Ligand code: BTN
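Read the single chain below, which is given as structure tokens and is the form predicted on its own.
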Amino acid sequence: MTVREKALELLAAGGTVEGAKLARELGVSRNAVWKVMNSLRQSGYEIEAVTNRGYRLVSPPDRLNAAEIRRWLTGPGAGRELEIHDLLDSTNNRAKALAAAGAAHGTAVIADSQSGGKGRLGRSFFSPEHAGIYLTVILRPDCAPDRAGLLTSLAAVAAARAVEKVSGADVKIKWVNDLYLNGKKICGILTEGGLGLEAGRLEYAVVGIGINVNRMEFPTELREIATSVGNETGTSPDRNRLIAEILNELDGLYGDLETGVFLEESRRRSNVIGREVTVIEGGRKYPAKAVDIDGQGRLVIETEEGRTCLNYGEVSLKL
């Protein structure tokens, strides 16, 4: 942890921190503390110097910061190793490279923006700077590849809970990887994995979560289908806290990967069950009714030919 990060951690605990205590905890001189405070102010932090008492953090800027994220972390694993970038092509790409090099379970890669954000089925994910959360977590589940398909459902529940916790909004899940608010998409999830060929089990999985957080303008082609938490609620939650809450929820749910008990919440939050949908599988499209989500996280649909389960593909609410 850098001196700046440690100083932020001490200030983020709340109240006024004496200059002497900061110097002692940071292992630097009082003059160096003054320089650190000025450096933080230049980065957008509002820090008040209270005569004869010390320094107080009034408000942080809307910038991604490891110390601010760690301030909210409560879980044992996810996010304890953080890598934060101003810009990446894709947090999933970076996480896969780290995972292949042996990065620990729970390592999180975060970017303020992406030049090549990845969605499902080869689509791009709109990722402007200072507007959203672009987060990928490296997981090392000890399970067969087919069971790891539940990771996307688990991540969707975790992200929905986190958004609700910081915003109070009622978040829905569109099978299998999108979060919706007031009928529009606010989040997409992309899970990718690395397979150990000899053992036939996953060596790692990377779970990418992109959330539109702040008030934002969308490209013309997205305006009718996408929105943000800020656009819908009028208030933009702190991105650092939201990241931490996602990681906390992932930690809390991860132990249920084998049992899949979180699927009950996935069903409860579903905005497709009981509705007529269009199923899209490759170049094929056909109408169906979404009936249920089974114990493997598959969508149960009903067509003229009867009931079947979708392992992959997607559904559209537009007929």
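Numbering starts at 1 and follows the sequence shown. Nothing here was measured: the structure is a model prediction, and the numbers come from that model.
The same protein also exists as the form predicted in complex with this ligand; that form is not shown, yet it is the one meant from here on.
In plain terms, the part of the chain that comes close to this ligand in the predicted bound form, with a heavy atom within 4.5 Å, is 134-142 out of 226-234, 68-76, 134-142, 164-172. The partner is absent here, but in the predicted bound form a heavy atom of Ile189, alone among Val157, Ile189, Ala99, Leu202, sits within 4.5 Å of this ligand. This chain is displayed alone, yet in the predicted bound form one of Thr107, Asn240, Ser90, Asn248 has a heavy atom within 4.5 Å of this ligand; that residue is Ser90. Residue contact with this ligand in the predicted bound form: Gly149 places no heavy atom within 4.5 Å of it.
Asp178 belongs to the set of residues with a heavy atom inside 4.5 Å of this ligand in the predicted bound form. Residue contact with this ligand in the predicted bound form: Gly119 places a heavy atom within 4.5 Å of it.
Ile209 belongs to the set of residues with a heavy atom inside 4.5 Å of this ligand in the predicted bound form. Using a 4.5 Å cut-off to this ligand in the predicted bound form, each of Gln114, Phe125 and Lys185 places a heavy atom inside that distance.
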